[in-house]
Ligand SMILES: O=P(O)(O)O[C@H]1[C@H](O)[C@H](O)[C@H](OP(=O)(O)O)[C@@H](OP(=O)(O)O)[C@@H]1O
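Taking the form predicted on its own, here's one chain by itself in structure tokens.
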Amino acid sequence: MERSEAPTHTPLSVALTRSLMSGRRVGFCLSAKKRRRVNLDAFADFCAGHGVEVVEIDLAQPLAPQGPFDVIVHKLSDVIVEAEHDSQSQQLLANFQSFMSAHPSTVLLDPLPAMTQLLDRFASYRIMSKLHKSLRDWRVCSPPYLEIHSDLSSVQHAVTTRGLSFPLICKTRVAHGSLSHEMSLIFSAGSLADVHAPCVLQSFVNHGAVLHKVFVVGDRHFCVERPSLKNFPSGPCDRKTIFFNSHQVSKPESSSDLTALDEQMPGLPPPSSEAVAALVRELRVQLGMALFGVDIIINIHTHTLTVIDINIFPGYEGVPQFFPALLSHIESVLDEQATQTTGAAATPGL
């Protein structure tokens, strides 16, 4: 399944984009892996056809000579996480922040504080847990969860008092890097010894082995269906903990025993497009971001749209409209900036 929630570019809009964006410079600050996943070379060629120059930023070199930049698109997750314990990464991050402070007209997609919060599942799950209130009319929710900081002695008591139910899915606190994809399914209180703090425990919701990944690009979003974990009996049992890599389970081509349904289950309805649109609008406000992903599932019993994770600047695999959507968003933020600048110039003294 793939859905775009906004019209694609018409020839007229493409022509307008070319004229409005001609001469613009967009800097990209990405890891080598991220560069490949978004196919930056192809995007640079696409932008060149619209008069836009794409520049790859080298953080190891002085930034000012590499500019100027109208917009910088980045995923500095590696640098931010490593800066907690690595002096070289601390310096790279400080240099980048100094450059942004010295060039306030350069638009950053997305702001560092906004992006940093999604590196911490404690922070992002707190945001998710409030969605059922703000989106009550759309029957959107997130599963009960528990933050495990370091003390494991009271985990069993906390699980029972916080409304969590077995099986539980365990995820690392840091939502970045290869280890963040290493998860486990815990089936009983006795297996809570397999938990390694800091982490998040989240009630597992049966969802028919279907994951809906929502890719957000500014005011547009796209839904792509992926394989996911199969259904498991609700309640505690003596099954041993299952350790798995979520990236391998939910790739488009994934084939795993963990995704194979044990029973002939009728297909679930797709998520309501109106509910997904409302969810994206709410998260854009809550996060202050334009480039992010949301993982949602449909509860097999209640058909409730259930949010299980939020991702920083995802890979946008399976979204052929990603290039025009990203360029269109860059155009819109620059157009908004120009309007604000013009308005400020027209009202001196304010």
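So that there is no doubt, residue numbering starts at 1 and follows the sequence shown. On a predicted model such as this, the values are computed, not experimentally measured, just so you know.
This protein has a second form, the form predicted together with this ligand, left out of what is shown; the following refers to that one.
Visitor: Check whether residue 66 has any heavy atom within 4.5 Å of a heavy atom of this ligand in the predicted bound form, and answer yes or no.
Guide: Flag for residue 66 set to no.
Visitor: Can you check whether residue 222 is within 4.5 Å of this ligand in the predicted bound form, heavy atom basis?
Guide: Heavy-atom contact with this ligand at 4.5 Å: absent for residue 222.
Visitor: At 4.5 Å between heavy atoms, is residue 33 in contact with this ligand in the predicted bound form?
Guide: Heavy-atom contact with this ligand at 4.5 Å: present for residue 33.
Visitor: Quick one: does residue 173 come within 4.5 Å of this ligand in the predicted bound form, counting heavy atoms only?
Guide: Result no; residue 173 lies far from this ligand in the predicted bound form.
Visitor: Please determine whether each residue of 74, 284 and 322 possesses a non-hydrogen atom within 4.5 angstroms of this ligand in the predicted bound form.
Guide: Checking in the predicted bound form: none of 74, 284 and 322 is within 4.5 Å of this ligand.
Visitor: With this ligand left out of view, choose which of 251, 136, 196, 157 has a non-hydrogen atom within 4.5 angstroms of it in the predicted bound form.
Guide: So the residue touching this ligand in the predicted bound form, by this definition, is 251.
Visitor: I need to confirm a contact call. Of 163, 190, 177, 111, which residue comes within 4.5 Å of this ligand in the predicted bound form, counting heavy atoms only?
Guide: Here the answer is residue option 177.
Visitor: Of these, 267 to 275, 83 to 91, 207 to 215, 235 to 243, which stretch puts a heavy atom within 4.5 angstroms of this ligand in the predicted bound form?
Guide: This holds for exactly one stretch, 207 to 215.
Visitor: Going by this ligand in the predicted bound form, which residues of 304 to 320 come within 4.5 Å of it through any heavy atom?
Guide: The stretch 304 to 320, when checked against this ligand in the predicted bound form, contributes 311, 312, 313, 314, 315, 316 at the 4.5 Å heavy-atom cut-off.
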